[in-house]
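Both blocks below hold the same protein chain, though in two forms, and each is given as structure tokens: structure 1 and structure 2.
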Structure 1
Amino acid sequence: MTASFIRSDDFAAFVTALIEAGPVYGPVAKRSRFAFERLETPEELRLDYDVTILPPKKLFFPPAQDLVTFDGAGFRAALEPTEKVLLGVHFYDVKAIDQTDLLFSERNYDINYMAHRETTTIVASNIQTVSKRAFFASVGADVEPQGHDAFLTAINGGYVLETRTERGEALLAFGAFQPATEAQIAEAAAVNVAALERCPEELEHGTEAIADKVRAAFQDEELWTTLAADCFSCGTCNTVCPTCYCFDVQDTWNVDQTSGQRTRFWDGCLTEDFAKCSLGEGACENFREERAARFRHRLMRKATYLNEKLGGPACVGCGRCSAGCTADIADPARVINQIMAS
């Protein structure tokens, strides 16, 4: 839509105005790490972050989300969406949000996700610091981020804000913006290209070649057993992934035994119980009992199973799983490159 410029000296006042108007969430420091949290002051905002501990999907799809409360009189929806601004999302996380938007809106429309998503204005921002395990430049490179309302890029002397939607355009009223010059727009574009060139990890082949080779390796049990040998089945790689969307649903009863709540929790295919099904009378069946089968399933989901539906791989190269894996075996770039070289 439009490209505007705001001086560095005026940026704090812009963020303050947003905070005064309603909830604003952005990256804040958590010791040496970063997390998306509600902002109280503009000074908390850290647009120079590398990657957050958890992805921004947690605002629409929390790790624990009450769905309904119930008692003897019936049940009530626990959904209470509010208008908010999500500020400072890197482009790879926008791509992940695009994927979850599709997966939660197709067929069985998930109101518990979409209601929060549809009341959020997303402002993406350029990557000032690249994560040590990132490979976002080489995964799904032909897939463009779509789900943001504006894109903010830090340049010399201030920020260029490029609006994408009417929601993004409405943000201009909160700050001392002026039309960006052609030179400022060109500088912003160069800044974003430069970030792609700083990725420390890289996939050595394209999306289609990877999808074909990974799928062809499905029956190679020795390969998957070797790759999963050190896996703890902790599910950290699932938990921190911006494109994972599996969940479990549990009912919790209060001590009165008539009231309670139904809650859904993040779940992950690397955990031992994920594929365990009840057969009744205390019996059960686990159709992915071996670590190798669970490890294989995750890689298949990321590299090949969902490509046709999503238009690209179900991985955006953020590097969270690589950084979070205690055994250091979850890195998709490393595993895929190994498969491609075999």
Structure 2
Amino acid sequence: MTASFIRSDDFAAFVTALIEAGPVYGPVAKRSRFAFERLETPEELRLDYDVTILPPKKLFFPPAQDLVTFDGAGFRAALEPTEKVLLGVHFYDVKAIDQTDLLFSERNYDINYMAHRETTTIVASNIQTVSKRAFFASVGADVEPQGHDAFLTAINGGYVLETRTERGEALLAFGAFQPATEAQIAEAAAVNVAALERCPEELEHGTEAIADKVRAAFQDEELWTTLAADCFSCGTCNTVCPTCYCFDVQDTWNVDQTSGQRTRFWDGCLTEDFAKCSLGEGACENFREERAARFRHRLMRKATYLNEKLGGPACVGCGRCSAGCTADIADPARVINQIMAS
């Protein structure tokens, strides 16, 4: 595919043209933080964001998604995917999307995720501001981000857009792009390498060493009890995570007793009832009743259990859980480094 350049002065017109052609989502300011939202104007777009509260996953896998609605006459699928552009995704979130793409399509092809995913053109962008708890440079460093259609990098005087797919190539028609020079392409590459050096946190060991030692710590009850002592079972570390993909499905009836909907909600393995199962006849069993067991489970999921399936750890180092945990105990880098040092 190609590498093109657009001047800063022409960039707003490019975004405007995209907005006029269809829905465009990108990072916008939300009070003191950022969130992916539908853009109304190019000025709202904040490519200098550090990290969003929720990952872009929410566009394909909404926090609450109606799957079907029903009434006395039958069922109707609630799914209405629309073509859209998702602009400004950092590479760690692209890596996370690669994971959810796999998890929602292998074996059972999850149409409610994939239909939204297949109608989305993803434009990744370079990290201009590094968030306070990021460690994306040291986690799964050899895993390359795949699932994007183009990559946008801010350089002096403008942006380099490197297209990866036909969909990405089609974006060039919307702006005053010209072929990028060798120097501009080299500058973009240097900008992206430099971002990796600015992470405030890092894992001190490689993926395999971590996977082995974390797994070996499974039986260390004292370790997990201590780590989880302040845990609220609030599930924030799951809810904000770009690679968490668990959900709960609930049917709700309307008062008329014939109509209603089936909805799926994000779920999280840190919440108390996550592992509560029916044993039939009104009885139930919670197979992770203690918060230490739940805390351990997430760490195991992020550092070892899924590595083989995903080709790397199920954590991309975005630091959202670290920053979102009010008790400040969720940070995978700190927990893993502590286990590795023990």
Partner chain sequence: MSKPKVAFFDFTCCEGCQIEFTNYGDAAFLELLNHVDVVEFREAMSEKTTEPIDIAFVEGSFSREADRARLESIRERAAIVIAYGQCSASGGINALKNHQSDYKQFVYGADAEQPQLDSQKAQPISAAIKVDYSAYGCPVNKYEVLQIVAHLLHGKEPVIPNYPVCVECKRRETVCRYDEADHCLGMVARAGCAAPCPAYGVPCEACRGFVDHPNVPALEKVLVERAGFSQKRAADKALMFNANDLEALS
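One-based numbering along structure 1's sequence throughout. Shifts are known only where both forms have a C-alpha. Bear in mind that the values here come from a model prediction, so they are computed numbers and not experimental data. Take the two forms, superpose them, and find the largest set of C-alpha atoms that agree within 1.5 Å; that set is the rigid core.
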I want to make sure I have the labels right. Is the form predicted in complex with its partner chain structure 1, or is it structure 2?
2
Given a superposition on the rigid core, I'd like a yes or no on whether Glu308 shifts its C-alpha by 2 Å or more between the two structures.
no
Core-aligned, what does the C-alpha of Gly282 shift between the two structures, expressed in angstrom?
3.0
Which segments, of 3 or more consecutive residues, undergo C-alpha shifts of no less than 2 angstroms between the two structures following superposition on the core?
279 to 283
